[in-house]
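Just the one chain here, the form predicted on its own, laid out as structure tokens.
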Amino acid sequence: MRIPLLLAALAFAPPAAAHDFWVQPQAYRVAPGAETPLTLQVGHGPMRQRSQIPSRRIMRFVAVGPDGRTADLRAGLRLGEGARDRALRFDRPGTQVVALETDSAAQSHLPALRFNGYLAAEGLTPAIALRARTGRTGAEGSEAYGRVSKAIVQVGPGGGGQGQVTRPVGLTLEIVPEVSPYALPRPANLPVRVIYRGRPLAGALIKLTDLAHDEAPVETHLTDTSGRAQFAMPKTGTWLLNVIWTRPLEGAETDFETTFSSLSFGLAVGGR
């Protein structure tokens, strides 16, 4: 079932926290041994830009290869320097999952109208229900937030070595394809799971956005009771799946802790 976005509510979203964040390789298909630039991106449409996140907030930045081995990518980060934040280079053919996770040290404090609109637009029902139950719908809202992101990069020809794409890599909030988008025929459907703190997440709003025309998502769904959703498989182009979830905090500076999660991939013309 497609869920219409509450576009009017987006006008009340926080200027930074509600914007999607993702790892953007210049190319999602590369030859073994070839380099491709990578940047960290935030926002959509006219608000899209290079992320200004400081390197101290990046807790994990890795590539998981076809053999399941993990390579640490943090040492090569040069955030905000030149035209790229890092270069990616993989010598062995196969599919690589690049994963990044920040801390949750950022905070957002918003008046009630803006906070409520943001919660509605992003489908953050736990926060909406708690604020209603405790009589705080009319109060300022606050959250601490962090970001996690994955990108799927195909090195050399497609084919085997796709298992790491369909397994969680241990992010706080994670979109996990049940079939690699690079292994699917087209047209087809792309089934995904959303995992939050190690468990399937039901009732989360997950969106699919064409990064070449990224003003608004092209398809949205709520995850079912097993944390699953299914999207029409795009034919070509670069694509972003994203989801947001939150949990209440007690005795903290903010009311909630929120995680923004994304998964990007790119599809070649006439091929996988």
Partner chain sequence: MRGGALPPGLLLAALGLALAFAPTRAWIAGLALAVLAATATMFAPLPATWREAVFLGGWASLAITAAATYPPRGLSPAVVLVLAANAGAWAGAMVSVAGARLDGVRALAGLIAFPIATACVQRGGGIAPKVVASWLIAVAALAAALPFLTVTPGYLPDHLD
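Model, not experiment: these values are computed from the prediction. Numbering follows the first chain given and starts at 1.
Heads up, the form predicted together with its partner chain isn't pictured, but that's what we're talking about next.
Although the partner is absent here, residue 34 lies well away from its partner chain in the predicted bound form, with no heavy atom inside 4.5 Å. Contact annotation: residue 182 falls outside 4.5 Å of its partner chain in the predicted bound form, judged by heavy atom distances. In the predicted bound form, residue 49 approaches its partner chain with a heavy atom inside 4.5 Å. Looking at residue 162, you'd find every heavy atom of it more than 4.5 angstroms from its partner chain in the predicted bound form. Here the chain stands by itself, but in the predicted bound form one stretch of 140-148, 165-173, 85-93, 191-199, 140-148, has heavy atoms within 4.5 Å of its partner chain. Taking 228, 247, 221, 57 one by one, only a single residue has any non-hydrogen atom within 4.5 Å of its partner chain in the predicted bound form, and it is 57. 110 is the sole member of 98, 110, 120, 155 with a non-hydrogen atom lying within 4.5 angstroms of its partner chain in the predicted bound form.
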